[in-house]
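Next comes just one chain, in structure tokens: the form predicted on its own.
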Amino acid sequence: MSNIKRRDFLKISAGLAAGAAGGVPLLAQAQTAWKPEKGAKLRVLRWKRFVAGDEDQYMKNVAAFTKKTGVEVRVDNESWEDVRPKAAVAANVGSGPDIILSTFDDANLYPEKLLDVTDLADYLGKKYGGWYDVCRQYLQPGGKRWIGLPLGCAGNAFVYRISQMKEAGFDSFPRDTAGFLKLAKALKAKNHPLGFALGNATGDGNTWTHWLLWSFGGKLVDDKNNVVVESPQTIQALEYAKELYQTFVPGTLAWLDPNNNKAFLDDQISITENGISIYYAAKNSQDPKIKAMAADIGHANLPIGPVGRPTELHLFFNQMIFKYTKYPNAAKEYLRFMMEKEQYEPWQQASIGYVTHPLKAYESNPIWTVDPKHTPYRDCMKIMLPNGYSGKLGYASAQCMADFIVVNMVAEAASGSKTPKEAAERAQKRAERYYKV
């Protein structure tokens, strides 16, 4: 009845039984690796570190992969602002890095150029408790094939000086936008200004301005992808931004992602919106004054606006494999290896949670509870909205993000270069160029 010899059958049966006894689903264990092609070499382009532990542990994981598989891996690091255009060039010319770690919904700019990683996403999802919903919104367009693999997000929170908050008359950080504005004004009166990026900052600029817009009920597009940013809710958000801007330190209109980190650690500002990198830098600083600041740093999830629920955006990280790669199996095996618990959790721990996980099983990583100051970053992927909210992600949403439409609108209204109405009108016209009827 079969060409399988009895001894071979017994070996296979024993192996499957061992897998079942270990609690690993048989289907998942049957496909735990993608065998790299003979002579495979990989080139990876990723963003530059904001915390040393991130890159250090990532490269240790890369070395472990090479040792295990024999696949040589070259990793190039660029700023977030530089990764996007280099990825676009690679997609257009059909050559360049095999794998790119990019941001937001860049994968939706050229989905037809990306390798289908549905098998890999399904394997990891089944093994590690499933992906958060936002992952599918970003990388499984139309609920069909996965065009990239989620890496996580650089979770953002409000970073503040505890002593200065108390000096301003507040015992705890406000949980709503009205209370937050009162705190901001009180801090400015005590000569402790705030500072939020209003330049074309991929991470910090986009995340806080989208939160502000959404918290008042404004949005760039509705659920049918109609551009609706020119609305009373948007005007209300921009009026708030204008008041808040009066509490800012000078220069924020030109700030990119590193600027607020430096300003906070230089004691120029009392509050900013950032990842855990400021706290990490303070704890690991060789400067005694900055190191002492770590005990005075607090983190708070972004306040709730008039809509009455969280409206946070965080810097989503995707991992894309281009179809032009000569080594698709090696590329998939590389991503699988990097996302497995043995590599992923130590990477999170080395960077004290700079990247919030996309897989639910990693909520239990001890990094989130070993220090209560880490905890506000734990659920960023769980509660975040995608940048194209509340429409569908695709070419238009990716282009609007790449063009910094929301950031520019808030900057114009906040600084007074345009009235809130004029800023909203301009944003409406800019977005309509991408969301064509």
Partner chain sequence: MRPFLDNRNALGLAFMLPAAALLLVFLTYPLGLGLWLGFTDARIGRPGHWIGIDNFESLFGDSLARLSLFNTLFYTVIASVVKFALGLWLALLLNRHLPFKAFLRAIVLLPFIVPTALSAIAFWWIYDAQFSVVSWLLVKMGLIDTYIDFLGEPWMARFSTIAANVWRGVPFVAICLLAGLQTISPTLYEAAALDGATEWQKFRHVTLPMLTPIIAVVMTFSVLFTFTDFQLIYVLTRGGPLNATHLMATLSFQRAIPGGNLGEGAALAMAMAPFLLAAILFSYFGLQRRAWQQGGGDK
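Nothing here was measured: the structure is a model prediction, and the numbers come from that model. Positions refer to the first chain, counted from 1.
This next part talks about the form predicted in complex with its partner chain, which is not shown.
Residues with any non-hydrogen atom within 4.5 angstroms of its partner chain in the predicted bound form fall in just one of 84-92, 117-125, 173-181, 135-143: 84-92.
A single residue from the set Y389, W34, F404, F65 has any heavy atom within 4.5 angstroms of its partner chain in the predicted bound form; that residue is F404. Note on the partner interface in the predicted bound form: the residue among A168, I304, L256, A281 having a heavy atom within 4.5 angstroms of its partner chain is L256.
Proximity of N408 to its partner chain in the predicted bound form: non-hydrogen atoms within 4.5 Å are present.
When its partner chain is considered in the predicted bound form, Q428 lies well away from it, no heavy atom lying within 4.5 Å. Within this chain, S231 is remote from the site of its partner chain in the predicted bound form, having no heavy atom within 4.5 Å. Proximity of E412 to its partner chain in the predicted bound form falls within the 4.5 Å heavy atom cutoff. Applying a 4.5 Å heavy atom cutoff to its partner chain in the predicted bound form picks out N200, T202 from 192-222, in order along the sequence.
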